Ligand SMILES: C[S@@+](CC[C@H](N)C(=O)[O-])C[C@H]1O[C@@H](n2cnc3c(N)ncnc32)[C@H](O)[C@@H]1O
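Shown here is one chain on its own, the form predicted alone, set out as structure tokens.
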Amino acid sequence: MIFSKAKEGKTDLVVPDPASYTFQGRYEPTKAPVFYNPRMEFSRDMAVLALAVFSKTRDRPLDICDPLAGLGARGVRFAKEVGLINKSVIGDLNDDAIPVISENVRFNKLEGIVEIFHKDACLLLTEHAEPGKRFDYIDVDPFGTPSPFLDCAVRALKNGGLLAITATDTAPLCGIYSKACIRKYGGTPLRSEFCHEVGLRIMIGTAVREALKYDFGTEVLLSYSADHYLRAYLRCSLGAKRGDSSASSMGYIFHCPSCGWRCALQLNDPWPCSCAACGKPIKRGGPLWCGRLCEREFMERMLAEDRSFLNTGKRIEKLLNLLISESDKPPTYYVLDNICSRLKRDVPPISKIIETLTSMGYESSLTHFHPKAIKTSAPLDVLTKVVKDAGRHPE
């Protein structure tokens, strides 16, 4: 194995040499003997900030777990950069990963905090499912779907603990491979202009359903779509009433491909048979999470954290500000180009549309899901009229 050095945040890491594991001229993490994806540094930086904020809500140092560690970048960084960490348990099934994790722990002088296990992730989590052995924070960051690890992760989580999950299989979740989404997540995706939000909501909904089996209610503190993956941070609290409250936020999203109409309904609501706007056939996505995707206070506290040592600090600030602006908006978003295409109009400035809708009393904002999309409480007919009035006929 050929290795080099990398620095993320305050942490020095031994990583596979990018020049030695390339495919078509680009470093390919799956070609290296130990998995490490430098493109996920932004995700790890976000996790450091989120865990730092969460750690201040607990009354004691945290026990945390990174059960799919690769070379241990997340678990080592948490132990080095977050503070208030009692124990960081890092595990991986890959034989080659263990000595590299050990080297990274030694390199950062974390032998007293980090525990390393050469075990399957589900086995490691199951062995910590007993009271007294559970974790305050578990980070499930697999290559592909997190679904196989959710049940054991919930069982290994303390009451009020934080579960972070990543999905990199965005093609099934966004409707390109719908059968794979049904197999892995038990939900039907929607291949639509807002497919990334539907995919994120399906992933969260899958975790919420796993938590409900054990009478855990779930709060979504932070979730987003970035690059090639979906990410969510879920606080799970024990209690049947909390579980019932979470269940009430589960439902379906219905969408008309013809005119763009959509609506979100709870699980026990009657289903529409056709589009309420044009009467044409509609599609259904879900079951999925219909509640808020972020908690404003949590993100504001993340913004208040020191980001000066993070390489992606400016990108984090931009994303968090966008998430705050859209945090109280209803599900789904409208891509302005698509509306203008149906109207055969030029695309007006998106800021003008948002300003007009806001002046009419409708909550409206940009969204991080798409650079030319709007989240708004305005119904489709109102939005269409505003766009029509603002646009110009092509010359």
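On a predicted model such as this, the values are computed, not experimentally measured, just so you know. When you see a residue number, it is the position in the sequence shown, counting from 1.
We do not show the form predicted together with the ligand, though everything after this point is about it.
- request: Scan A121, I282, A232, M299 and let me know which has any heavy atom within 4.5 Å of the ligand in the predicted complex.
  value: None of the others qualify; the residue that does is A121.
field: Of F309, Y214, F143, W271, the one that lies within 4.5 Å of the ligand in the predicted complex (heavy atoms)
entry: Contact residue from the list: F143.
message: Check for me whether the ligand, as it appears in the predicted complex, comes within 4.5 angstroms of all of F35, R44 and N94 - heavy atoms only.
response: Yes, all three are in contact.
- prompt: Is there a heavy atom of A73 lying 4.5 Å or less from a heavy atom of the ligand in the predicted complex?
  reply: Flag for A73 set to yes.
task: Answer with yes or no whether L68 is in contact with the ligand in the predicted complex, where contact means some heavy atom within 4.5 Å.
output: Yes - in the predicted complex, heavy atoms of L68 and the ligand come within 4.5 Å of each other.
query: Can you check whether F149 is within 4.5 Å of the ligand in the predicted complex, heavy atom basis?
result: Yes, F149 lies within 4.5 Å of the ligand in the predicted complex.
task: Tell me the stretch among 313 to 321, 81 to 89, 135 to 143, 187 to 195 that has any heavy atom within 4.5 angstroms of the ligand in the predicted complex.
output: That would be stretch 135 to 143.
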